[in-house]
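Take a look at this single chain, the form predicted on its own, given in structure tokens.
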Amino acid sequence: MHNRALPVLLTAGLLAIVGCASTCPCQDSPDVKEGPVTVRTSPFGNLADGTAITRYTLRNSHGMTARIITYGATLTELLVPDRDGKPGDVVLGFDDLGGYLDRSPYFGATVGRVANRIAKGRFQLDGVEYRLATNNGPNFLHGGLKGFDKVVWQARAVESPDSAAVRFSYVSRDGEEGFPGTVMVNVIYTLTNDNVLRLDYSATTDRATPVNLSNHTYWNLRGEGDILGHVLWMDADRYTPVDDTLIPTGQMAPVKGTPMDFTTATAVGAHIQDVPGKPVGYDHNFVLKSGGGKLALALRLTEPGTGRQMEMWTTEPGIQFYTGNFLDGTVTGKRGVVYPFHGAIVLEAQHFPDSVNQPAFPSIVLAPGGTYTQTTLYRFTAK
């Protein structure tokens, strides 16, 4: 059962409510107020039915900028300084809404109601079998045909002297994508003045239902090219082996002596050719030593060329580590950059894949009266 107290995020200082409209169709709205961290809004296009999509820009005084849109509560841009203080965009995405509508492999999106895979799109709960879309070979993936990444979230922004936050809210109705229960979901993105991007999730339901939320940002701390030279340390001494459709077998196997061992800092490309399966690369869940339930350091990712370093802290028990194995040079993203094979790293803080069918895995069932919570944060430095 996911039932932890929601971490304290919005203090009494976060009282300034920011409007969602902009009078200028091309630029962010003016800063809400003078201060080290600001929130701006701007239009980001319209859906076919005319629904307007809004972009929120969070900016601190150290050259870090985050941009998130209401379509999919999606992180579209994150500018992070390198060792020389030069900001660079470290996430993959598109310059306009059309890319996210037509060809996005979950770039930057909030995924749910259940992130990752459910075997054969089926699970049983309270004696009832539920059947879901099979949108990833024989399996269900990342919320189904129209998961949380493909809906419009309501949003409002708040800020304080040392942080700025945007709260995204969505109501997932009973029966949506085959799941039982109406679920009310919130995701809060916060940018602090010490170069931390923090995500706080919460959800409640009126019927028992599986809930497993995550963010699907594609990271490249160099900004372009492949990520094989990125150096990764992960606080995980076990992983969950998978079958040939990437469904866990139920085991939690040791990483020692395998290509999955990142318990000492290792280049991502060092053993990638030894990972079983096709296409070549990682797409595996790692079992964090923290066990979940408390905010703990999960991993450290470093890009030697730029000096950028990202620490990832989370309350979740697992990290799905994916190396852009299906990027193949056919997707052109922001600023005309072509995204190559192994052009990014995805690090999804979440419960394990297929947990709803795996009794040995931590449960993802949320019951009425309980509250799902998750906190994941990314701390950036440069050396």
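Remember, predicted model here, so these are calculated numbers, not experimental data. Just count from 1 along the sequence shown to find any residue number.
One more form of this protein should be noted, the form predicted in complex with beta-D-glucopyranose, which is absent from this view; the next part is about it.
- Proximity to beta-D-glucopyranose in the predicted bound form holds for none of Asn195, Arg300 and Trp313, with the criterion being a heavy atom within 4.5 Å.
- In the predicted bound form, at least one heavy atom of His142 sits within 4.5 Å of beta-D-glucopyranose.
- Using a 4.5 angstroms limit between non-hydrogen atoms, Gln320 touches beta-D-glucopyranose in the predicted bound form.
- Contact annotation for Asp354: none of its heavy atoms lies within 4.5 Å of beta-D-glucopyranose in the predicted bound form.
- Among heavy atoms of Phe341, none comes within 4.5 Å of beta-D-glucopyranose in the predicted bound form.
- The single contact residue among Pro259, Gly137, Gly307, Pro105, judged by any heavy atom lying within 4.5 Å of beta-D-glucopyranose in the predicted bound form, is Pro105.
- With the partner omitted here, the residue from Val158, Leu246, Val275, Ala119 that has a non-hydrogen atom within 4.5 angstroms of beta-D-glucopyranose in the predicted bound form is Leu246.
- Across the options 210 to 218, 67 to 75, 286 to 294, 178 to 186, residues that bring heavy atoms within 4.5 Å of beta-D-glucopyranose in the predicted bound form belong to 210 to 218.
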